[in-house]
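Shown here is one chain on its own, the form predicted on its own, set out as structure tokens.
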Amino acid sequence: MSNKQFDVIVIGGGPGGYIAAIRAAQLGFSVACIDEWKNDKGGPAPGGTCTNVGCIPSKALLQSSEHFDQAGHHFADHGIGLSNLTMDIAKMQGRKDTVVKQNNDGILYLLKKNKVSFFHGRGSFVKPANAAVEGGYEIAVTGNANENLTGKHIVLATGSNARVLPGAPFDEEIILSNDGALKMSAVPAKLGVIGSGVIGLEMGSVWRRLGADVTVLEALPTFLGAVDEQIAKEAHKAFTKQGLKINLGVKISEVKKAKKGVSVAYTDAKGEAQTLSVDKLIISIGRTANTIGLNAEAVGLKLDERGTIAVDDHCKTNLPNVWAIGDAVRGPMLAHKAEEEGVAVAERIAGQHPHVNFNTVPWVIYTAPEIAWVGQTEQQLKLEGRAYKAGTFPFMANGRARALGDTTGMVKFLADAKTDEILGVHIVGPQASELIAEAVVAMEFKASAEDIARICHAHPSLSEATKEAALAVDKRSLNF
């Protein structure tokens, strides 16, 4: 068994891991990246949950289902007539798989281009390395070929797993995690979703558009509690109008599989007992850090009370030269947050001083309408007693949105009452995921609402709604 030595070993090839590996290699380090994801043929499939069973495949299915929905319900508005509209689920899934593979192959190419040594298998601690490698660790790779590596710095980017609902383990046939939800070969007549977060709403939207009767059960009494309340209410109204049945404040008492389908016994918000019978059930109640098989105890790696890897503000663990990033540590479980931490850790290893600002990490839900936000919500500002001004602008007053035929939603600005510094921007509507980038840049540069209001935006464009919302903070919107 070989024992190859590296300056940096990254365990995990998801968005945080492979980006950390590439950045470390760019900085002149010898780097190894270990990842165990396999494709259908048993070959390497780096990219983690995001690429394989998360961000990328879900967006592919959302795009396909959106086209189908548009063709069935909105093409006629444009004078386009269709008859006998059909959906080939197998072909849709095949396209999704192709998109995933293109991303897998792209990551492998990038690692090779940057001279990162890739090892296909599971990485785990063996022991601290000998004294000749100061602060180093021996790492075992278990896979098609077993190897032992030694690295001076270890970056843990092991990601997360879907949280299991007690009494309802995933079988990925009837009771589904995000993985099974992405792989259904037919549209279920009735689909249940437990959890109205990002995954629940996106997967529920995909299969509703394709014809499923979708019911969402949410334990919290409010819809999208992390979202600005005004934006969440607008989104709830839109989803309900589309046909999603969203039940809030429920308490699940039992999930029971039957010969066909599954039944969910629960108590509704009024305290009344209810039963939901569905063909398939998606459970999306959050995710937990993936540290299984890492052999953390062999080196004394500290985990916190939630099972995530304990780190400080700089992603340092309790062990010298061991770092952790992404879903495996505190903070939002977002691919782009993991990427930023990956870059930051590589640069810290090189002695640089990067900074990751959690307050300017954008959030997106890729439903229709899309929901995106950055910074604080109005309810957060009220809770902390901060004086603020708010400005909103509806897409129904935006010329480009009218031309697109998609006028649902609004842009909302929140700014400090005295300094006018932008404290948060919240969008529900078309292309919110793209529009939010302007707000992120503005907040990183400590811009004021007036700064955005004074910038010339192209006409006609959806981004004009951003400018108008900034103008509305000072009650001088021009087109509403």
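Owing to the predicted nature of the structure, the values given are computational and were not obtained by experimental measurement. In this text, residue numbers run from 1 along the sequence as written.
FYI, the form predicted together with a small molecule isn't displayed, but the following is about it.
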(message) So if I measure heavy atom distances to the small molecule in the predicted bound form, which of the stretches 101-109, 395-403, 188-196, 374-382 falls within 4.5 Å?
(response) 188-196
(message) Can you pick out, from P369, G391, G200, G136, the residue that has a heavy atom within 4.5 Å of the small molecule in the predicted bound form?
(response) G200
(request) Just give me the single entry in I285, A238, L303, I246 that has a non-hydrogen atom within 4.5 angstroms of the small molecule in the predicted bound form. (result) I285
(request) Run the contact test on A415, A453 and A472 with a 4.5 Å heavy atom cut-off to the small molecule in the predicted bound form and return yes or no. (result) no
(message) Whether L217 contacts the small molecule in the predicted bound form should be assessed with a 4.5 Å heavy atom distance threshold; does it?
(response) yes
(message) When the contact criterion is heavy atoms within 4.5 Å, does W363 count as touching the small molecule in the predicted bound form?
(response) yes
(request) Evaluate A232 for contact with the small molecule in the predicted bound form, applying a 4.5 angstroms cut-off between non-hydrogen atoms, and reply yes or no. (result) no
(message) Test of understanding: in the predicted bound form, would H67 fall inside 4.5 Å of the small molecule by heavy atoms?
(response) no
